[in-house]
Structure formats: structure tokens, C-alpha cells
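Below you will find one chain, with nothing else, as C-alpha cells; this is the form predicted alone, and questions on how it binds or moves follow later.
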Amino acid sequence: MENNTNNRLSITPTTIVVAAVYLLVSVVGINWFTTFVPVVFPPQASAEARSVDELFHVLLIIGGIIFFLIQGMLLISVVAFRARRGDQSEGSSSHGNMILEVVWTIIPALVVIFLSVISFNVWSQNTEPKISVNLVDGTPVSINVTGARYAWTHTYETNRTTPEGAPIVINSGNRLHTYIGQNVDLTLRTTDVIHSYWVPAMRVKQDLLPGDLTRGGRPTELRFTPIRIEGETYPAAYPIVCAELCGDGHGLMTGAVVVYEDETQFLEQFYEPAIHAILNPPADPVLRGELVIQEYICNSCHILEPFDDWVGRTGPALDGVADRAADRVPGQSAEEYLVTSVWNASAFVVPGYSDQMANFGPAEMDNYNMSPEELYSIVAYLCTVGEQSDCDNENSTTVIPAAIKTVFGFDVDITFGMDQDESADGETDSEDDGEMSASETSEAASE
């Protein structure tokens, strides 16, 4: 059977012109297509977002050109080298073309090198340390992020102190608060598995890597600078999600970056009110406990209906916990059970759940150092979570401190949160009556 050499496609000037026009149309079409990217992508809420989107624009154009060029060559080959009607001959053989092979090796190599250089440049610019980071009222603060199944916790180590000299730490839960123009530098740690802190609107993402928790865990860093978006109303919130599969509650591990219009708005609406709340906690232990419990990572494991961001699944739901607290451990009162469960959760594990909860007790137990006063207020609040509480809520100011003393041997200052005058009144009432109820404490505070 003779070879068919008549089907070989010759590269004529017309072919070159057609290929050039096709290539030009592909470039223009891809460039036009990229104009719709802002419609699909989240808003560019940080300076880093702009450089990332510019890089994506380049990648999309180059990738589009290569895609349409290959598809066009395939289409041309299918049409030009198709078997003609009645042609039963074999196709022509080709032994390669050295020039063509060199060209299609050099060009992809140059493209890859070009993309590597500009990608590395964008990465270097977006991750390099910035000057004047985390400035709040002219002073830098440390902002830490803790990831745990399945919640984010943000804390601000401020330069303020309590009257006792203790540093003030603001816990904003799953929300990061910042303002336009602030150079944000986050230190991220995980308490369990790998998580990935991703803020799509900022175009930043950083993995949290497990490490030795006794040394504070293995820290990683994330940096970005919020910018103004035309037409946006501030404060504006942008989602935080976990981009690393971390368990069955992975999809619930969300949060938000709250961006304020300027530092003044940030101070007035978040920072100063948060510090004021810490320096002036409610005198009522129940109200104080409702605030304090949200400063810890309890939401990563538990569900509690009053709080929308409590979505944890690894621990039992706390709804109605006061209704069943007295039945958990024989010989323990409801207050003693709750005290033990918060400070030393390993002492009793609810059937159907594993022992994963951190111990918030004294330093010799773990690293959280929840004070006896905080434990007292948290238990006072938990004793109200239920319809038929097993707790003695009428005498909570004496029963709960007694439970802490019985179980752990610590004394509790029940005047925590009152000013000196109120504290003196409380001590007088306590001496006269032998006890002071939570409602009386609240009335004393209001007076």
C-alpha cells in the first residue's frame, strides 16, 4: 500500500496569518474575560489582595492562551489531516523536527521561569515583615490567633494593666478587629491538628502547625493591611474560614475580620469598650460568668444556645447542663460537678464522648490558669442554664465558693467585680447574715 503524501499540511502564508489572527483573538478574549473576575471574587479588602489578583490576571491570560492555542492546533490537525473520502492509503510518517522540539521546550521553560519569578515576588512582598505593626493608639500590641476544633479565638495582649498590675488581654472570640491602614501581624497556633486560617477578601491564608503546647505551640505568622473599598459601609465584616480539613465540624470553623473605617472608630467601638468591660466587670457573678465563659475556647467543643458561634461537636451540649449536673457523679452536688468539669474535665467524661477537653485549672494542671474567681462566675452562669436547675442559686455566693474549696482547696473572693465601697457593703452583709445571695450582690452593685 503506497503512502499518502498528499495530505501533508504545508505551512503557507495563509496558514501563518490564520494562526496569528487566532492567537490575537485568544489574547483579546482572555483579557476581556478577566474583567469579570472582580464579579466572581470577593472584594479586594487588603493591599495584598491587589497584588494577588494582578498575579492571577497574568496566570489566567497565559493559561488561556496556552489552552486555546492547543485546542486550536488540535482542531486544525483534525480538519487538515483527516482522511479524505475513498483514501485507503497509510498516513505519512514523520521522524521529528529538531527546531520544533527545541522551540516547544524553550518556550514553556521560559514561561515557567517567568511565572516563578513574579509569583515569588508577590509572595515576598505579601509576607515580608512590616514596620509599625498592630499599632493601637500609637503603641504596638500582640494579636494572637488560636485554632481548635472547631473555632477560632483572637486575643489582644494590650499595654494596659489592671489595678493589681496584671496585663489586660482582650478576647474577641472568633472575630478579628482591625482598621483601615493598620499593618496586621498575627501569631497563629493550634491546640490540636493542622488548621488553615483563610480570609478570602484579604487574599491571605496560613497553616497552623501542631507543636509542643507546653512551650506555647509552634507559631506561624500572617500579615496583611486592610484598605478602603469604595462604597463599603464601615465597620465591615469579611469571613474567616478553615481551609484545611480538620474533622467533621470543619465546615463550622468560621469567623470574621471586622474592619473599622479608621483607628478612632476602632478605639471607640471595640478596643476601649472591651478594656472598660475587663476593668469594670459586672458585680452579679451570673452576668460576669456569661462574659468570662466566652473568653475561653469552650465554643470549639460545645453548643450553647444563647451564643451563635458555639457550634462545637466534640463535646456534649451545655444547654440544660444545670438540670442534670447533680445526677452525673454520685456524692457530688451540682456545683461540685460543674466546678470539677470546668477546672479538671478529665475527672468525669460524659458517656459517648472522649477526653479531649483542656483542663483550665491551676498551673500545675495545665497552662490556662483560669482564676478561682473566674471559675466561680462561670459556674454561677452555668447554674442558670436550664429550666429546673439542680443548683442552689439562691445561695450561689456561698455554695459555689464552698464547692471550689472542697474540690480544689482554693478560696474565692466573691467581691471580684465590685468597687471598694460595694465590697465593704458586701462584707458587712455577709458578716451579719452569714451569706449573700447573687440577687443581693447585684442590688449592692446597682446601688
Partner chain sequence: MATIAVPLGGQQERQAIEAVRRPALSEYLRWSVDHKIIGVQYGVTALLFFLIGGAMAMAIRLELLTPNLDVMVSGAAYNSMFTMHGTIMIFLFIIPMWAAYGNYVVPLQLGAKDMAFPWLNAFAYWLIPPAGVVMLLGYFVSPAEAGWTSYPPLSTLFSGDGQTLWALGAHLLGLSSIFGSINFIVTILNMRPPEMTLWRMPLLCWAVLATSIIAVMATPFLAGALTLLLLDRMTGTTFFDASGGGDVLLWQNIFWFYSHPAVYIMVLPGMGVLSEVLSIHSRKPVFGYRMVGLSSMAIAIVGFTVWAHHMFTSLQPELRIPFMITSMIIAVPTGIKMFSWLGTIWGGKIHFTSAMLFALGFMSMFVIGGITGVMLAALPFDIHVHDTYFVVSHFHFVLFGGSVFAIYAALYHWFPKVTGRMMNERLGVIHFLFTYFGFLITFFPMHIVGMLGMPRRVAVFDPAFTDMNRLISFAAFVLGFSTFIVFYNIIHSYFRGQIAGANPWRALTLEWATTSPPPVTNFEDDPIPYEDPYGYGTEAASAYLDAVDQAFDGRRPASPGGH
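Residue numbers count along the first chain shown, from 1. Only a predicted model underlies this, so the values are computations on that prediction, with no experimental measurement involved. C-alpha atoms forming the largest set that superposes within 1.5 Å between two forms make up the rigid core.
FYI, the form predicted together with the partner chain isn't displayed, but the following is about it.
Please determine whether residue 233 contacts the partner chain in the predicted bound form, using a 4.5 Å cut-off between heavy atoms. Judged by the heavy-atom cut-off of 4.5 Å, residue 233 is well away from the partner chain in the predicted bound form.
For residue 42, is any heavy atom within 4.5 Å of the partner chain in the predicted bound form, or not? So residue 42 counts as contacting the partner chain.
Is there a heavy atom of residue 228 lying 4.5 Å or less from a heavy atom of the partner chain in the predicted bound form? Outside the cut-off, so no.
Proximity of residue 130 to the partner chain in the predicted bound form, heavy atoms at 4.5 Å: Although the partner chain is absent here, residue 130 would stay clear of it in the predicted bound form, with no heavy atoms inside 4.5 Å.
Within 4.5 Å of the partner chain in the predicted bound form, do 298, 322 and 407 each have at least one heavy atom? Verified in the predicted bound form; spot residues all out of contact, no.
Considering the partner chain in the predicted bound form, which of 189, 203, 177, 302 comes within 4.5 Å of it through any heavy atom? Filtering the options by heavy-atom distance leaves 203.
Under a 4.5 angstroms heavy atom criterion, identify the one residue in 211, 315, 282, 181 near the partner chain in the predicted bound form. Exactly one listed residue reaches within 4.5 Å, namely 211.
Which of these stretches, 160-168, 266-274, 70-78, 341-349, has heavy atoms within 4.5 Å of the partner chain in the predicted bound form? Partner-contacting stretch among the options: 70-78.
Heavy atom within 4.5 Å of the partner chain in the predicted bound form: which residues of 102-132 meet that condition, in order? Heavy-atom contacts within 4.5 Å come from 104, 105, 108, 109, 112, 115, 116, 119, 120, 122, 123.
I want to check residue 81: does it shift between the shown form and the other one by 2 Å or more at the Cα, with the core superposed? It does shift by 2 Å or more.
Core-superposed C-alpha of residue 352 shifting 2 Å or more between the shown form and the other one: Yes, its C-alpha moves 2 Å or more.
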